[in-house]
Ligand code: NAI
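One chain follows as structure tokens, the form predicted on its own.
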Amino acid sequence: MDILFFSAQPYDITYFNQANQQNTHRFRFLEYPLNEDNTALIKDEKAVCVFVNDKVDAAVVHKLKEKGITLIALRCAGFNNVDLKAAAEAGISVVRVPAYSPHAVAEHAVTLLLALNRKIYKSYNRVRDNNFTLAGLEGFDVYGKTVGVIGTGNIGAVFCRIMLGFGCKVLAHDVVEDASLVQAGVTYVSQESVLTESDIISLHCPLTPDTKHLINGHSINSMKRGVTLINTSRGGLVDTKAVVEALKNGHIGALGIDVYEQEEQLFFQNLSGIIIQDDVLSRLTTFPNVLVTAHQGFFTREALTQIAETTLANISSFEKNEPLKNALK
């Protein structure tokens, strides 16, 4: 099948070509994100492959149908950027990669937590300046702390198990409880209990109308003062302006994020030569107790390989008119 990739990065080209060594499919890669204006770049392709920040709303879906697109293949797990109802009405199938390497994202969440707690980024910069003092670098033992996890799907489950290995008390909330996690020692409680009882909170749930801004002024006020908040899931789970206020007054003790609500205008681009116009993110990055990474949680060799292989398997199944196990409806 002929496939047009939007928001293609060099690593996309490398891993998808590697997964397509039999030349089963024909690729064309564009670095531009998909939007209503650049659907005109579609030629004879029947499928588009998109990522987290590509805009696939009803207007774009309408344009895709006009261009003869029959399949939207997401090379990611999240799908909040796609209007599934519009796609169904247009007769366009949508597939995704529901799990690629849950360990990659879960381990990145732990990395953010440890780097924040032990001030690794500060220590690194000091040592490079031949400053070997320790003042201001104190952290806390993660051992024995109460860790709250919202969302225990593939990624959240791995994170829970890692935290259990650290000797933490793990509280979790999800609409579906994982019996194997309960057996391992995780305690399922209400979302409110996770927020109020945890020293560390990590978000691993999808972005839906129900979860949008689940971290807001009200929920922050219910948290322990000095709580550490980690988000490697979706930026829209967090009301960033409310978090900024909580950082200013000390209610949130540390923040580690790999996602940001307005990231589509920023992430996956080199903007080092320009002035960032996003005042909220600019303010956020001034805090010494905040660590921001640019949606790199998934970025491991294993995950990239799995993403490419699963995406192409989805496309092959569609082309062969086989059942789509990773279809979205």
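The first residue of the sequence shown is number 1, and the count goes up from there. Just so we're clear, the structure is a prediction, and the values are computed from it rather than from any experiment.
What comes next is about the form predicted in complex with the ligand, which does not appear here.
- Relative to the ligand in the model of the complex, residues K55, A58 and L64 are all farther than 4.5 Å at every heavy atom.
- Checked against the ligand in the model of the complex, the candidates Q191, N216, S93, S123 yield a single residue with a heavy atom inside 4.5 Å, and that residue is Q191.
- Checking V238, A77, I252, V170 for any heavy atom within 4.5 Å of the ligand in the model of the complex turns up a single hit: A77.
- Although the partner is absent here, A179 lies well away from the ligand in the model of the complex, with no heavy atom inside 4.5 Å.
- In the model of the complex, at least one heavy atom of G151 sits within 4.5 Å of the ligand.
- In the model of the complex, the ligand sits within 4.5 Å of a heavy atom belonging to T211.
- The ligand in the model of the complex comes within 4.5 Å of no heavy atom belonging to M163.
- The stretch among 34-42, 65-73, 278-286, 293-301 whose residues place heavy atoms within 4.5 Å of the ligand in the model of the complex is 293-301.
- Residues T232, S233, R234 of 215-240 are found to place at least one heavy atom within 4.5 Å of the ligand in the model of the complex.
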